[in-house]
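Below sits a lone chain in structure tokens, taken as the form predicted on its own.
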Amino acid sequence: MIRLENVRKDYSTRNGPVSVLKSIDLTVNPSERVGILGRNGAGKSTVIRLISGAEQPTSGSITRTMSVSWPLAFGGAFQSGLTGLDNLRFICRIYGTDPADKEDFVQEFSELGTYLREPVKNYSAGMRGRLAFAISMVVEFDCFLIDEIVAVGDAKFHEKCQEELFVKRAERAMIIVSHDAHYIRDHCDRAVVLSAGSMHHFDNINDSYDFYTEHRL
């Protein structure tokens, strides 16, 4: 289970503190897929960073009894001077898993070829995204965090990502944030809507979808 209780997040600006999230609550149970809808700047990515532990709330509490991934396809934690293969080994050791039996999968899935043995600083954004997604799939989590649509690489690679995540890991919990209501509707069991720092809860995903589209949030 993941539970956010009365969570507030403020950021300092030149004009004083700004409250991005105002006392929100959210519970995600094992195997549940929860969508978070909201326009750009609504605080969706802030929620993901808080759940992942990358940031701490200004007030309130976050409880995690499930292992939680980093945001999928996020390569910001890569050591750019290391090769893609060395980054895989480094991340596996951080999460306490043996990298030896993961290398073939990452090599094949990422489709990076010889570039897997080149420094990540030489990668294009698309190459970094393919590597990040492949590594995300070899470290198993109870809950996957998906910040916006997982769409790295070309259409064929995108289809492969969808299969690996939504079909092969269908039993895992997922938290998906997006401003694309159709994507949330296709992949989630229920959805909440972020607006003006508040989180709106609904009994079913259709009500969330209607609220989001009718209010053009």
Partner chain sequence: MDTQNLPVERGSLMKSWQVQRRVIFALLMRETLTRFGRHNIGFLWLFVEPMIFTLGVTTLWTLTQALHGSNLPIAVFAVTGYSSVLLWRNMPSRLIGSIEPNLSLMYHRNVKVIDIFLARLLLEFAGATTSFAALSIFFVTIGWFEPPEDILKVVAGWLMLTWFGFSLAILLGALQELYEFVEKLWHPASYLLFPLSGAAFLVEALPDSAQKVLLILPMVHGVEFVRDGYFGSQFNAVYDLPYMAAVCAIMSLLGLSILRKISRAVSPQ
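Being a predicted model, the structure only gives us computed values, none of them experimental. Residue numbers count along the first chain shown, from 1.
Keep in mind that the form predicted together with the partner chain is not shown, yet the notes after this line are about it.
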Stretch from 29-37, 154-162, 183-191, 62-70 whose residues place a heavy atom within 4.5 Å of the partner chain in the model of the complex: 62-70
Does the partner chain get within 4.5 angstroms of any non-hydrogen atom of F90 in the model of the complex? yes
Residue-level contact is defined here as any heavy atom of the residue lying within 4.5 Å of the partner chain in the model of the complex; does F202 satisfy this criterion? no
Within a 4.5 Å heavy atom cut-off, is S178 in contact with the partner chain in the model of the complex? no
Going by a heavy atom distance of 4.5 Å, is G113 a contact of the partner chain in the model of the complex? no
Can you name the residues of 86-120 that have a non-hydrogen atom within 4.5 angstroms of the partner chain in the model of the complex? D86, R89, F90, I91, R93, I94, Y95, G96, T97
